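Presented as structure tokens, the chain that follows is alone, the form predicted alone.
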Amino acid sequence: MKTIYVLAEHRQQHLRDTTWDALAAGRDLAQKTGAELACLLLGSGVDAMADQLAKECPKVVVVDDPRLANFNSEPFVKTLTGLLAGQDSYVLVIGNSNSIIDLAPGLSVALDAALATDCIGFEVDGGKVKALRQIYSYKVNALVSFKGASRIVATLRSGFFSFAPSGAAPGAIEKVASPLGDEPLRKRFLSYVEAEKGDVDIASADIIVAIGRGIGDEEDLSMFESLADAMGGVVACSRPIVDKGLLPKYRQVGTSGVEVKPKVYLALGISGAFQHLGGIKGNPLIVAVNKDPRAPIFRAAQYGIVANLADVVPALEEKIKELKG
């Protein structure tokens, strides 16, 4: 493998967390294969973001074109095809977000490249790259080979790759002319619709008490709110709680909700599906309470309690208040 490429994702002139996930995965692959590492940044007026990326990547390739200012899969596919079509040995790593989920399939066809989506890891065997994916409702990890393919496009599941600053010298920034022609685009960006703003911003909370389906038919959330107050945190939830109308959407943690970066995450009655865990960023202390000992949340948690919430929550609050004096 000659080159590991990482596609930078940005929104409104800010790099998204998926970019750093992809850079972490790309850096690891480059070390394992001995390949070069380069970041691809498509956009308009992106010099500041290019400088950010150059601090962590040895090479940043920039295509500056007004038609790339906001994500649109059509010009992105054409631009990336123009950049990569003449190369015969690479892996292109893309963060898997709702914004660019339609990019990878069309791009793999345009490039005649192998495609692996929703990857949670990579291995290198005899110089060949293999992708780790989960199948059968995420119960089985499968190591996928590419049958000797030398051009690979891979998307990543959020939350499985941990980025850390390299501390290396800044990399080179190479500006490339846009390969987009004058032909009109069939798709166009209209506008962003901002998510609902609430009275609590869980994205900035250091301590989160999250509740899930395991609270049953309980509609009185005062027990959980009281615990959150004692801990100095806020109450959040998984999707079933929002579906029941117990908490608003802006309290939902997950890939279809809000991404959070707490220091402590207390998961109460949450099963731990990847859609929920994908919304938890950084390296928080995760404590899980669930009556099902096989709940996937226990695989992500540093500490776990198998018990009924009604037995644990009041006792935990009492102990916290006792320790606080």
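Just so you know, these numbers come straight off a predicted model, no measurement behind them. Residue numbers here begin at 1 and follow the sequence given. In this text, rigid core is short for the largest set of C-alphas that superpose within 1.5 Å between two forms.
Keep in mind the form predicted together with a small molecule is missing from the figure; the text below concerns it.
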| query | finding |
| --- | --- |
| Triplet 158, 162 and 281 all within 4.5 Å of the small molecule in the model of the complex via a heavy atom | no |
| Contact segment among 70-78, 238-246, 220-228, 142-150, judged by heavy atoms lying within 4.5 Å of the small molecule in the model of the complex | 238-246 |
| The single option of 176, 200, 101, 109 touching the small molecule in the model of the complex, heavy atom within 4.5 Å | 101 |
| Interface residue in the model of the complex among 47, 36, 292, 65, criterion: non-hydrogen atom within 4.5 angstroms of the small molecule | 292 |
| Contact label in the model of the complex: residue 52 to the small molecule, heavy atom within 4.5 Å | no |
| 4.5 Å heavy atom contact, residue 31 and the small molecule in the model of the complex | no |
| Non-hydrogen atom contact residue 315 with the small molecule in the model of the complex at 4.5 angstroms | no |
| The small molecule contact at residue 129 in the model of the complex, heavy atom, 4.5 Å | no |
| Residue 26 C-alpha moves between the shown form and the other one by 2 Å or more, core aligned | no |
| Cα displacement of residue 15 between the shown form and the other one reaching 2 Å, rigid core superposed | no |
| Flag for residue 236, CA shift 2 Å or larger between the shown form and the other one after aligning core | yes |
